[in-house]
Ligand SMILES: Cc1ncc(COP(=O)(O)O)c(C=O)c1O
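We begin with a single chain expressed as structure tokens, specifically the form predicted on its own.
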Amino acid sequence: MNSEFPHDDIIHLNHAAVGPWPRRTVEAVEAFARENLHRGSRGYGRWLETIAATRELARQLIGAPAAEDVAFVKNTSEALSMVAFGLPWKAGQNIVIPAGEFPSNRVVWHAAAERFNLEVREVTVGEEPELDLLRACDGDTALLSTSAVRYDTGLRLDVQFLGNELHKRGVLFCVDAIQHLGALPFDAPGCQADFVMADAHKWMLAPEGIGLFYVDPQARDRLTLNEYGWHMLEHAGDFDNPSLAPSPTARRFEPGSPNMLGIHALHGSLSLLLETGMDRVDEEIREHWLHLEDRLRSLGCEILSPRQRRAGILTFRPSPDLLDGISLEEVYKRLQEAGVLCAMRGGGIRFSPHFYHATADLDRAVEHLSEILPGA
């Protein structure tokens, strides 16, 4: 796998922030750019075939019944906003979210609450986060929105259990899957999700500016459209057609010209993940997580991520004896300078390895950490 990720001077443990591109994605972008340079848009028909092929890969990744159930969006925030400002809210309804969510999954609901006279319930979750969230729901709960995997600690929710329970209660289920898709298998219908969205620049190993938005066909017509353009029409491309009816598919959420460059890149990245197999990707990431956990505990670090609910994120904090007077910020800064790409989240340092890493890479990262900590 080194041929896809020839990282010479870095150990990329930051896939929960911005992931690297595999070689095939770089080659796809280069080829698309060269084609534009030498042939312009002569091959536009073939580009449309790439859109269709990428939509099918996205369907497989998200577990959608049909490719037409998946739209391409700019990012998770755009898709969340389409839901928040598209649903037919009634004054007095409430929205349930976990406390401490990433800002994207908070700001849209508070903005919608202000506009439509709703209540947002931010629920502090404990060892049984699904039950904590369900207990906050009542007869006026219209929607529950949560991350499938928390960005700070990496807590993985049982979205299948949660979605099934919400479905019984008639509560819409919105899943921010940005820390899940590309790292673990996902089954949108299996978790009874009405809406699922995720940027592609993290675990999906693709560029910023392109993301996926799944809408269950049963919920599609419930969203009022707030963005319009030629591409979202049922007869897109037939410019003389007098009908302005939106597409019955998820393409209705793609108002204007597609991000053709981003889609070509995304095709390369998703092809790598699906060729590898999401079960294998999941297994490799989990093994890397356990290996890092063992090495970090041996060094004397506190693990802030829950072992039994792990996904790809491992957040840790060196003990005061290890820090010996230097700040966590300084440790993070020196790790970055040493080429160990990571992040500061949730009161600790966050490592987020992907499937392609060699064990030796993980060991080198911990060795760099050990050299930085005065008390090690």
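Just so it is clear, the model here is predicted, and its values are computed rather than measured. We number the residues from 1 along the sequence you see.
Not on display, but discussed next: the form predicted together with this ligand.
Contact with this ligand in the predicted complex, defined as a heavy atom within 4.5 Å, holds for exactly one of T249, T141, N75, T276, namely N75. With the partner omitted from this view, the residue of F213, Y151, W109, F186 that lies near this ligand in the predicted complex is Y151 [heavy atom within 4.5 Å]. Contact with this ligand in the predicted complex, defined as any heavy atom within 4.5 Å, is confined among 255 to 263, 118 to 126, 76 to 84, 237 to 245 to 76 to 84. Using a 4.5 Å cutoff between non-hydrogen atoms, F102 counts as a contact of this ligand in the predicted complex.
Residue contact with this ligand in the predicted complex: I178 places a heavy atom within 4.5 Å of it. Taking the partner from the other structure, this ligand in the predicted complex has no heavy atom within 4.5 Å of any heavy atom of H267. Although the partner is absent here, S147 lies within 4.5 Å of this ligand in the predicted complex, judged by heavy atoms. If you take 11 to 49 and check each residue for a heavy atom within 4.5 Å of this ligand in the predicted complex, you get just A16.
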